[in-house]
Every structure is written in structure tokens, then in C-alpha cells.
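Here you'll find one protein chain in two forms, each presented separately as C-alpha cells under the names structure 1 and structure 2.
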Structure 1
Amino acid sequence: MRIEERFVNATVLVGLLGVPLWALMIEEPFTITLATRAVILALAAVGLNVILGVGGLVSFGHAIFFGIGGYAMGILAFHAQTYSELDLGLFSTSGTNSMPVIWLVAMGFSAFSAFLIGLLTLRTSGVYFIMITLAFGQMFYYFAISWPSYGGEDGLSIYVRNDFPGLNTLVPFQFFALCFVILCVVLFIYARLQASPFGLALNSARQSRARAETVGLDPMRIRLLAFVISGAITGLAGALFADLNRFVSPTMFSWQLSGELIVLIIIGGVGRLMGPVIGACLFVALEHFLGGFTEFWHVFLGLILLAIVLFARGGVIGLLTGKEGAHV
């Protein structure tokens, strides 16, 4: 029996909200934290899905923007907690504990970095694009390791979670609710973008660059804008992830994280609205339940990925609705 995709999407969101509500009633804060982790990873994967699902660009360096967002949060919060000045050349600041300000900074730096990186990487395609994004990711990773001012290889700890007006972010459910609302807003933006003329132009550039140019479109400019939007969303997720853990480290730039984001999208469904959300929930569930039995739980994740690639090209959503997702 096939299920309508809208029904699947609504069920996923209700389930994602219902689990922490149930955990709140039985006083299980750790379960709420797991749900928050799933929401943040889903948010990062939605950012990647902009260029992967709609634009057909496989980026193995998207952890760059996740790490930039995390370090933007860590550096600003660190200077606010230590009452030290952060010298940025043209001006200096004492940091901040305000989440909205941190998010704007994280998204701004991530978007600017995506613009610069995109100017170079988007001149290539296929395996060359994959390798050059991977190279940029490794550059940022080793730069973070050799940055002793902010912990180097050991990372940087933040002792108090940042503030959001009207909320006590140290309360697990309130922080979850904040992240959940942000995810819903970004999902709405993604849905509108995918159906907009810009989304259709990006999809046409994915299908045939030559045909897009024939009708007067500029594939490079369209992909660059998508890359910037994608980087900004992933940077926001990085800032939230750092706040969740109250810790940032060079592993936020690792290529393994970039690979995991791609896996989340493939499991849920490439180009699907709720694909990243389903993938993130399954990933966190496997990590939690199987990780307690064996450190090789990734084997089971690999088997699921293999089964989906071979028998369900549309991911979990495609399996339920009988429709394949976007082809990359």
C-alpha cells in the first residue's frame, strides 16, 4: 500500500515532537537531548540537500560550514565568558552569549566562506567537484588543529549554554523546542525554494547545463547562490550543535561528518523534504541503541545504506510512497 508523501511528512514531524514530549512526561532528559541532536543533524542535512537534492552537487566538504558555525559560537561565547577582547582588525568585541547574534555571525561567516569556496569549486563538476570540496574540508580541519588560541586539537569547552530571550536554554525541552522551530522554518524555506522559479532553474542546471544556458540561464550563478544558501543553513546547524554539546573541536570539520550528512539524505530520500529528518532520526537511533552493544554499529548503518541504494533509490520516503527521489 502506497502512502501520500504529505502524510509521511506530517507523521515524521509529529513523531519527532512527540518523542521529547513523552520523555518530558516520564522525566527522561537524555532522550530529549537525543531528539535535539537528531533535529540539529537534520537541519545540517537540509542545508546540504539544497545543493545535493535540488542541484545535484555532491559536496564532501560541507562540514566546513558546520565547523565555521560551531567555532563562531565557541569563539564568541569563549570571549564573553572570559571577559577578553576578540581583535578582528578593524574592530574588537568582547564576545556575546546571545544566541540570535551568534546565529547571525555563524550564518554570515558560513555564507561568505561558501561564496569564496563556491567561486572555485563550482567551476568543476562530478568527481573533480567532490575532490576539491574534500580538499577544502581537510584544509579547514588541519587549520583548526593548529589553532592553539582556541584549543587546537583538544577543542574548546563552553561552560554555560548561550541565552535566548524568554527561554531557559539549559532546560532540555526548551532548547529542543527552539531547535525544532528553527528546523520547521528551514523546512518551509526549503519547500518554497524547491518549488520557486529559482529552484526550477537550479534543477534544470542539474539535468542539463547546456540546455539551461540555451534558455538564457547562468548555471554558475544559480549554483553559487544555492551553495551560499546551503552553507548558511549548515552553519546555523553547527552553531546549534556546539551549543548543545557546549564544546567545539576540529572534528566538526572532518570529512567523515560531511559523509554522514550525505548518508542521512540518501537514507531518507535525496531531494525529499523530510528525507534529511528521517535519515537523522534513524542515524541517532542506531547510534544510541546499537552503540551500547558494539562499537561497530556503523556496520548496520552500512547495511541499511546498501539496501536503500540497491532496492529503494528514493530512500525511506520513496519506499513508502512508491516514488523515486532525485538522481544525482
Structure 2
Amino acid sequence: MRIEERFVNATVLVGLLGVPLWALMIEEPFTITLATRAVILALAAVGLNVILGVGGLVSFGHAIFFGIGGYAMGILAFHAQTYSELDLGLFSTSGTNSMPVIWLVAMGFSAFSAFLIGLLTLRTSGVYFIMITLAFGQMFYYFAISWPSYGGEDGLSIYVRNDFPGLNTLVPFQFFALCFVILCVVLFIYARLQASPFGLALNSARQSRARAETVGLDPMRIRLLAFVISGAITGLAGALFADLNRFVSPTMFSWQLSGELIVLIIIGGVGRLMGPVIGACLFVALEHFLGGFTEFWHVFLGLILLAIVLFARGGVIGLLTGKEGAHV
């Protein structure tokens, strides 16, 4: 059975919008919350997919950007909530409750950190890149745990979701719609990026560094730019995730989360436009339904993941379209 990838992609997006709509009609607000979680995790994984799927670099530390995005939201909203000043040395601000501002800050800080981390880590490749990004992730994690100003391991609660002009973000469906639109915009950008000269250059740097160099490309600069874009997208997802839960904590920096993002991509299909989206939907659904059967649902989740690796090379998209994913 071979199905056109375009057809699969369209079905997934329609389904992802349809399920919450249906939940809205039968008044099952929690299903909308679950769908929102899937959308946000998908967004984070789309960010990772830029560097992993197209660039071929497995970052085992993308939780860094997810966490930075989360804390950008947490810290800004915390100061707005407590009417306290956030002193940044050069200037001070009293925080904000406005989502667009928070998103810009989250993306800015994530991109800047990605730039610095990329400068140091992109000299390595393969397994060493996996490990050095893991090391950076662990540094951020331990720092967040022992940093007392914003709650340390306890995390930081923000009681009310932040504002977006014209929306009541506390209504589950409105917040879902907001996240869904952002995901669609980012997917569009990703698709354009992949087909752009930059995307092709990045892809060729993955396939053969030497070949890319001989045609005058600078793989280091291309990869650094990709890493920055990738970090910014995942940072944006982190800010949304924090708003979904109205809570941030150091677990957003944990290596398990970095691992989960990678898993999402592999389930769906590496380097595929909709790979992370399918992966996230499937993962959230499995998490939800398996938990209903048994306390030991991790065992079954593990078995299903094993089956996907062993029998569905190229992830779900690979299975449906009969094409293997990008080799990393």
C-alpha cells in the first residue's frame, strides 16, 4: 500500500484540527488540552527536525531551548504577576503578560543560546555531537535546580495564562487554535526552508561535508544558522508549553525531554515535514490510552516503540508512503 506523502500530511492536519472540534461539540475539554499538548510537542520537535532531519545532527540537548522558552515565559509573567522589577543591569522591566512579547523574548534568548552553544559544539559530529549537547543540557538542568530566585526544583507557578490580543486564552479551544495556527505557520516556513538554497546546502552538508566544501559552501556557518533557527522554534514551543501548564520547572531541561523530542521525530519519520506532528499525536495518544489499561503501561509503550523501529523503518510516514527517511 503506497500513499502519497502529501495526502498523509493533509489528513494529519485535518485530523489534528478535527479532534478538538469534535471534543468541543461533545464538551470534553480535556481532549482539547491533550491535543494542545500534542501540537506544542510537535512544534518543539519541528524545531529539532531542522537540525536533526535536514542537518543530520542529533542534538540530545534540545530541552535547553524548550526550558529557556519556558523560563522566559515564567520569569516575565512572574514579575508581572507580583509587580516586581526584573533588573537586568542595563535596564529594568516589570515583566509582561503579553504572549507576543513573551514569544519574542523566548525566541531571542533561545536563538542567542543556540548561537553560543552551536559555536562550541558544532566542531564535533556524530556520536560526539549527541554527547556534548547532552552535557550542555545537564549543565542547564543542574543550574535550574539550584538557582533559588525562581523556585529551583519546585518550579514557578503562573496562575493565569498570559494574554493574546482578542482571545480569551483560558478557554481551552481558543488556546488550542492559537497553538495550531503557530504550528501551521512554522510548518510552512519549514517547508519553504527545506526547499530553499539554504535547505539544500544544509542537506548536502549532511550527505557529504567534503562535497559541500568543494562547491564553496561553509558547512560550519550553514549548520550554525540551522542550529539557531532550530533552537528558536523549540524555544517558542517551550513558552507555549509553559503557558499550557501555567507552570515551569527544571524538568523542562531534563535529558528525558530531549530524548522524548528525538523519539517523536523517529516515530513520525526523520526529516519529514509532518514527521514530528504524527509522532507527537501518536505519543500523546499512546500515553493517554495505555495508561488506562495498566499501571505498567511503560512496558507496552516500550514494546510499541520497538515494533516501530524494527518493522517501520522511516517511521509512520515511511510505513505509509513506502519510503525510508533521511539517514542520520
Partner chain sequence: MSAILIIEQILNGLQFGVMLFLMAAGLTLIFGVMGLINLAHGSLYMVGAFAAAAVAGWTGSFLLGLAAALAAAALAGAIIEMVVIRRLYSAAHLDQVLATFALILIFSEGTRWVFGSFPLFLDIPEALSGPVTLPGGIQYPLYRLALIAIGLAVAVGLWALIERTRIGIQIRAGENDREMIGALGVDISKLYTLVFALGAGLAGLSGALVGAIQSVQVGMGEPVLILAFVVIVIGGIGSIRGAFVGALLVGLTDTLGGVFLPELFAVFMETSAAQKSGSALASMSIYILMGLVLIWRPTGLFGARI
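Rigid core: the largest C-alpha set superposing within 1.5 Å between the two forms. Counting starts at 1 with the first residue of structure 1 and goes up one by one along its sequence. Keep in mind the model is a prediction, meaning the values are calculated, not measured.
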Lone-chain pair; form predicted together with its partner chain identified as structure 2
- prompt: Superposing on the rigid core, do we see a C-alpha displacement of 2 Å or more at residue 19 between structures 1 and 2?
  reply: no
Honestly, after the rigid core fit, is residue 58 moving at least 2 Å at Cα between structures 1 and 2? no
Given a core-based superposition, decide whether the C-alpha of residue 299 shifts by 2 Å or more between structures 1 and 2. yes
Rigid core fixed, the Cα of residue 308 shifts between structures 1 and 2, in Å, by 2.6
